[in-house]
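Below sits a lone chain in structure tokens, taken as the form predicted on its own.
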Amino acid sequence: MINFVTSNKGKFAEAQAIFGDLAQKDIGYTEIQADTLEEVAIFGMKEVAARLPGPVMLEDAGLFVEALNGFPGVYSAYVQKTIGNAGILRLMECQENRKAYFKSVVAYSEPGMDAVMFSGEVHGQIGFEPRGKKGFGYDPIFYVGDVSLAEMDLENKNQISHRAGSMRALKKWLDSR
């Protein structure tokens, strides 16, 4: 069984829908300030792999908004906690270019092996208003076509999402070993 280190129940539900048998471990880890999600994930993986026996994975994700020069990017969790979706929508009020993408990086390790990483992306745009009650975080303001991620059920979201892409890549790698 893989230990998935996350405090986010939404992330865990999305991962469990792909992997099935996972154990959620809400143990926290140091999330360094870095330029890339990969740097954050690999630093965190070194910490959690030393603390947990057996296979372990963690995931870091970010929302990258083109008109905001990639902001909030690696600071997405902090920005969500401080200004939330309403703050992002205020920053976007005068922006015509609403292109954005989510990126997810999953790091995985087992005892005696170096961590491996897998990534996934979903491209869309920032809507003009939040819509939907499903999902979490930026899902209500991130639209793929005319639908926000918060309007999709988990099965449909896991067909296209950044997290599902990185998790499926890890699962494929594990299944091929």
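None of these values were measured; they are calculated from a predicted model. Numbering starts at 1 and runs along the sequence shown.
There is another form of this protein, the form predicted in complex with a small molecule, and it is not shown here; the text below is about that form.
K.L.:
Consider G120 of the chain shown here, and say whether it contacts the small molecule in the predicted complex, taking contact as heavy atoms within 4.5 Å.
P.N.:
G120: no contact with the small molecule in the predicted complex.
K.L.:
Given that the partner is absent here, does N3 sit within 4.5 Å of the small molecule in the predicted complex, heavy atoms only?
P.N.:
Answer no; every heavy atom of N3 is more than 4.5 Å from the small molecule in the predicted complex.
K.L.:
Does the small molecule come within 4.5 Å of any heavy atom of V56 in the predicted complex?
P.N.:
So V56 does not count as contacting the small molecule.
K.L.:
Is the gap between N97 and the small molecule in the predicted complex 4.5 Å or less for some heavy atom pair?
P.N.:
Heavy-atom contact with the small molecule at 4.5 Å: absent for N97.
K.L.:
Heavy atoms within 4.5 Å of the small molecule in the predicted complex: which of the stretches 109-117, 123-131, 42-50, 56-64 has them?
P.N.:
So the stretch in question is 56-64.
K.L.:
At 4.5 angstroms, heavy atoms only, are F19, N156 and R168 all close to the small molecule in the predicted complex?
P.N.:
Result no, not one residue of the spot touches the small molecule.
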